[in-house]
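Before any questions on binding or motion, here is one chain by itself as structure tokens, the form predicted alone.
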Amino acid sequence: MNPYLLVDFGSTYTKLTCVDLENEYIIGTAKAPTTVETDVLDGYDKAFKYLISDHPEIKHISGISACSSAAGGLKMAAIGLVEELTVEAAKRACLGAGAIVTKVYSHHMTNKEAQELKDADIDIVLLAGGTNGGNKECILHNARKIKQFGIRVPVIVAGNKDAYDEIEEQFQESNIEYYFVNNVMPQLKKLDVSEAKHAIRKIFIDKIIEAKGIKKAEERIGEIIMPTPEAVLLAAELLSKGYEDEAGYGELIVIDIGGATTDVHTIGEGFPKRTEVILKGLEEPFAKRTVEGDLGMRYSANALLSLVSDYEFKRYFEEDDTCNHNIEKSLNRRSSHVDFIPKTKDEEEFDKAIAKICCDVSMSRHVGHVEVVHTPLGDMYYQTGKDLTGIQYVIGTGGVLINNKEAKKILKQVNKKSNKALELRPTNPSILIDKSYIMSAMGLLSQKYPKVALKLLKQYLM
């Protein structure tokens, strides 16, 4: 036996997954409430005690890898020139690195926006704007605002490189911590986010986990190497592509419905499937992640009140179930008591309806769509975003999907719908459930043992 431990310091729970590298199976899992307010190691020690108690055959641990989304995860602001282009490119760099984008600014920042940014609870600013050789006045203006308002979080500059010398002069004068990386959109509609993602991860490891009180855990368990959402995305990409002679599953979707957000990951090119459709807009990344901060089972449950009417909400119940709830009261109860656990069938059905809405709405926002334009030469079809009609697998993870007996019905909300005919949704994918909650663990494991991680993903996804 060669036990290797994967640790996820989550916002709610610290989750442990122990893998036997030699025999390629999961020895066991355990979890305990995350204790970031006191000492994060308290929750880790409790979970480890549970693990050893259930699996006394574990005599030693050969290695540990960890990720974290504790204390609210990694929060970022994205600044760019045009909202549909450089701002969107900056957002994709942040999301691909496992961050939550809480503030977005386009064009020239106003004093009010700069003050809002200064007051915001964020960890990093990604400053973009302009293609190389293009407009540099806007990114210089926004850099001056950052200096003027004394914004003190690290700034990653990922815009028009022609402005870098002048930005450096501005930031050196004000002791701003800054990092220059490749332009996230060096040419019109072309993405280059790899350097920006690397810089985000480096700052996360070096500074942010220390500020959140998690750094001290490294003395015991080793380096926390990435944000949890990035680990999930890496696992999804590994499962899609395969490794060496171990085949992957091809294009796929991962949906993670959490207490505060719903994350959607898609792995695949997403090019048009029909010859008459023309692709437009910003280039899509092969591995794409979106985060919906207003779609969650607990923290953001009351946000659903502004997304769907009572009538629409009730349509997400099964035909043989009736909604006897006061919807507003039930949603507010969940958002104000985030540890709420359903105890009756009615409460379970209400949670299932929330999950269906999270799944359906997040998919609408993530997936590509077709626009029909009528011209004198006939109808023209334009695709924006990814075509996911040919997706073979949809993988569900997150507490509500893992614990609900009817998770498959929830995940069927991703499928093509007659009332959303222009959305390029999957037609009839196979559904897998991450019952053992191993996606983030396998993303971590893939950094050192990719083949083992892939085999375990294929073995344990139900």
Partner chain sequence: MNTVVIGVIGADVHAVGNKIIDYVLSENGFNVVNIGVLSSQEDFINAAIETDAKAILVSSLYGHGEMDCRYFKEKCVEAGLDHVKLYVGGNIVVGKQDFTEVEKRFKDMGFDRVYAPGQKIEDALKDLRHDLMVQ
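Being a predicted model, the structure only gives us computed values, none of them experimental. Numbering follows the first chain given and starts at 1.
Here the subject shifts to the form predicted together with its partner chain, a form of this protein not shown in this document.
Using a 4.5 angstroms limit between non-hydrogen atoms, T344 is distant from its partner chain in the model of the complex. At a distance threshold of 4.5 angstroms between non-hydrogen atoms, T86 is in contact with its partner chain in the model of the complex.
For the chain shown alone, L307 is not a contact residue for its partner chain in the model of the complex, no non-hydrogen atom being within 4.5 angstroms. Not displayed here, its partner chain is approached by G130 to within 4.5 Å at the level of heavy atoms in the model of the complex.
Residue in contact with its partner chain in the model of the complex (any heavy atom within 4.5 Å), chosen from F171, F340, F317, Y382: Y382.
Among the residues V372, I278, A247, A120, the one placing a heavy atom within 4.5 Å of its partner chain in the model of the complex is I278. With respect to its partner chain in the model of the complex, the three residues L95, S194 and A287 uniformly fall beyond 4.5 angstroms at the level of their nearest heavy atom. Listed stretches are 264-272, 290-298, 76-84, 238-246; the contact stretch with its partner chain in the model of the complex is 76-84, by a heavy atom cutoff of 4.5 Å.
Using a 4.5 Å cut-off on any heavy atom, the residues of 134-170 that reach its partner chain in the model of the complex are, in sequence order, G134, N135.
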